[in-house]
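Single chain ahead, written as structure tokens, the form predicted alone.
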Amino acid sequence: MQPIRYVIVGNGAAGVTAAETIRQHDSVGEITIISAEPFPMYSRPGLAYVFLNEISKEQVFARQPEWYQQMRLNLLFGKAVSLDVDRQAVQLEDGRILPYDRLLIATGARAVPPPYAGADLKGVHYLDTLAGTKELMKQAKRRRRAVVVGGGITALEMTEGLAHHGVDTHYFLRRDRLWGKVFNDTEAKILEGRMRQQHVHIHYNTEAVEILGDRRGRVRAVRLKDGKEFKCNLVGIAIGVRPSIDLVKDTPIETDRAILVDETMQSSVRNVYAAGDCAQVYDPWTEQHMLDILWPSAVAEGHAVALNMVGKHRAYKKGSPFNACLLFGLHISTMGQINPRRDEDEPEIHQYLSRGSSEVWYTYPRHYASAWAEEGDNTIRLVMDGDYLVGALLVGDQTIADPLRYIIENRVNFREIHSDFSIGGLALKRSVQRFWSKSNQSQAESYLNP
């Protein structure tokens, strides 16, 4: 019997996790990973830390070349440009053709360029690839004034990094609240205070419509919606990401915003699977196929899809979204559904390749209620659906982050401490911790005494 030929397009979290899992269950299969970037696997969430000089460029690599050799993985550098599902073959840009028995598409997502002129000028930067981050760091040492455009976490990370490098940094927001799809007014004001302490200039209700260049094709200014010009020589763009699904164009593989997959992560075409940012998986929280642009989700999907590719049926069940980040010295954790309002347009797919987020946080809930408490720069927001906690957002103190995540993920009935929500502060924290300890003890007892 001939070894199975596995081809994985993508060298990120989903693709590498899948390759490792396949090798654990198939010791003789031929596994080829196609990487569009000339590097071993690196941590995209780590790029923001590299930009802030919190870790070195070397530390961002999650795998070394020796690892691929030890795992007997064939790593090819090149861009996959076409797919023939009838012949079961992938063609690379240089003409190489790779036949497969099982194909995994894990091509991720990439930053969306601005929808106006000037995106190709020298001095326009993104924070979504290692090469791009290296170039941004180099230019940050040379540029005096920067504008950052975008409403999500990556725009904030880029803003923090530029300010850290001593650049006169101006953050443009189309609306009047920081991270408006996640934060309420008080949470946003806390972050605003931290940003101003680091000398970031925040421009609310300000929208760029064009990036202007000089005779040498370098950024010289940004034109605003009101017609004024704002001088700068560096522009950071973080307005969204788009799943990289060009490979399946002109194939019968079904797509929506990304590649649609079933519970086994298989596409509409036999032997073709997808995982990570380029896959649209079923989400039990919204009962729809959703994008989930989170590093932990990519790892979980990579593991599940690999088991199915080797013939071990494993239904992938999407867990509750979770993210922890550090912005301007402020610890922030978000989990589950955290925004029970829908007072704006349909949610955009924001750029969350760095310290992560998920669009499921912004979907319209059914009949949720919120409890919220504030102590200085520390806030707690809890979102409930009847007797169950379905979401939480913590700013500052993270003491009860793990208990809340456990309660949300395990759908623990929360009724007995509903009355404590109105107390807030330390009393609420203690109540949650006691409830968590009691829940853990009950679970252990049921396990030991079935």
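Only a predicted model underlies this, so the values are computations on that prediction, with no experimental measurement involved. All residue numbers refer to positions in the sequence shown, first residue = 1.
The next section is about a form of this same protein that is not shown, the form predicted together with a small molecule.
Heavy atoms within 4.5 Å of the small molecule in the predicted bound form map, among the stretches 33-41, 403-411, 65-73, 382-390, onto 33-41 alone. Proximity to the small molecule in the predicted bound form, taken as a non-hydrogen atom within 4.5 angstroms, holds for one residue of Ala298, Ile259, Ala306, Val148, which is Ala298.
The partner is absent here; in the predicted bound form, the one residue of Pro321, Gly152, Gly108, Gly118 having a heavy atom within 4.5 Å of the small molecule is Gly108. Residue contact check for Ile237: none of its heavy atoms lie within 4.5 Å of the small molecule in the predicted bound form. Contact annotation: Leu294 falls within 4.5 Å of the small molecule in the predicted bound form, judged by heavy atom distances. Proximity of Lys79 to the small molecule in the predicted bound form: non-hydrogen atoms within 4.5 Å are present. Within 4.5 Å of some heavy atom of the small molecule in the predicted bound form lies at least one heavy atom of Asp128.
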